[in-house]
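Shown here is one chain on its own, the form predicted alone, set out as structure tokens.
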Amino acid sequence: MTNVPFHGVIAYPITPFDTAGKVDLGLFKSLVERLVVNGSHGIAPLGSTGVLPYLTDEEKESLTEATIQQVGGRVPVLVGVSNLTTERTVYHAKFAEKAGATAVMIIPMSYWRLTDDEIVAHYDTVAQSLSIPIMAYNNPATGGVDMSPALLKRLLRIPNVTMIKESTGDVQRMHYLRRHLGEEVAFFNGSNPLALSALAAGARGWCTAAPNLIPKLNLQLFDSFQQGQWTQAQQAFYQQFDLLQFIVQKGLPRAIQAGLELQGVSGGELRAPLAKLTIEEKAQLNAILATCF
């Protein structure tokens, strides 16, 4: 598997809004900078954490450009370009490539249930319009489509679909990919509570919003595993496990925004219909964060 520019901890920034409901680009850039200087191996704007479906085309473009400008080539950038239609996915993918993205990530989104052939045609059409690699993103909880291992295998036959992000929460999927596609298959974990298991199954990295809150612990887990320090990796994982569960259960944008505020960092506002965590939920989060340091 060639043309895989990512490894390690790939961090998702949230998309902050101001009190008028507009994207706060200045704050967004500062949050991206925190992720870079705290050691993230890659930055991935416009994913689930970045509330991609809630943004206008103009907002997506401005956030793409802001990320690439702020990162300044220090780490690779993976831009989410998913859309309901193939035509708009192609549009956003081409925009991201022109802006300087390292790669793009695509999840099949549809009101109607898509067939496997329709999904393959969707990715193939986008791929033919690009020269940069594509990460196929499987997350039925947000996209409404569960791509089977057999379908993912078909997608990897498309020349520049070179990476898979697996977020079903089923570690057996990862073992299948490793077993049937070979040790060189480039798959990445997108399920936070499976971080350690996914690395053991052969994941190249971990796509996560957690570095917004606990970057040192996230990197400690990855580095310890890479160095063969299994006991240290387990300790780092279990120290952050409750937080990883919490941010998934409460919703990544809500939980990360609240966690940043608890750490004295502005996370901006959320875009309706998303609402901030309750006082009780914030107190629970604060108690969990205390165990991570």
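Residues carry their position along the shown sequence, with the first being 1. Worth saying up front: this structure is predicted, and the values here are computed from it rather than measured.
Although it is not shown, the form predicted together with another copy of the chain is what the next lines describe.
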{"property": "Proximity of Thr102 to another copy of the chain in the predicted complex, heavy atoms at 4.5 Å", "result": "no"}
{"property": "Another copy of the chain contact in the predicted complex: Ser131, any heavy atom under 4.5 Å", "result": "no"}
{"property": "is_contact(Ile158, another copy of the chain) in the predicted complex, heavy atom dist at most 4.5 Å", "result": "no"}
{"property": "In the predicted complex, His122 touching another copy of the chain (heavy atom, 4.5 Å)", "result": "yes"}
{"property": "Three-residue site Val171, Gln234 and Gln239 fully in contact with another copy of the chain in the predicted complex at 4.5 Å by heavy atom", "result": "yes"}
{"property": "Region of this chain that lies against another copy of the chain in the predicted complex, out of 73-81, 105-113, 91-99, 149-157 [heavy atom, 4.5 Å]", "result": "105-113"}
{"property": "Contact residue in the predicted complex, chosen from Ala127, Ile214, Leu194, Ala136 - any heavy atom within 4.5 Å of another copy of the chain", "result": "Leu194"}
{"property": "Residues within stretch 245-271 having a non-hydrogen atom within 4.5 Å of another copy of the chain in the predicted complex", "result": "Gln245, Gly251, Leu252, Pro253, Arg254, Arg271"}
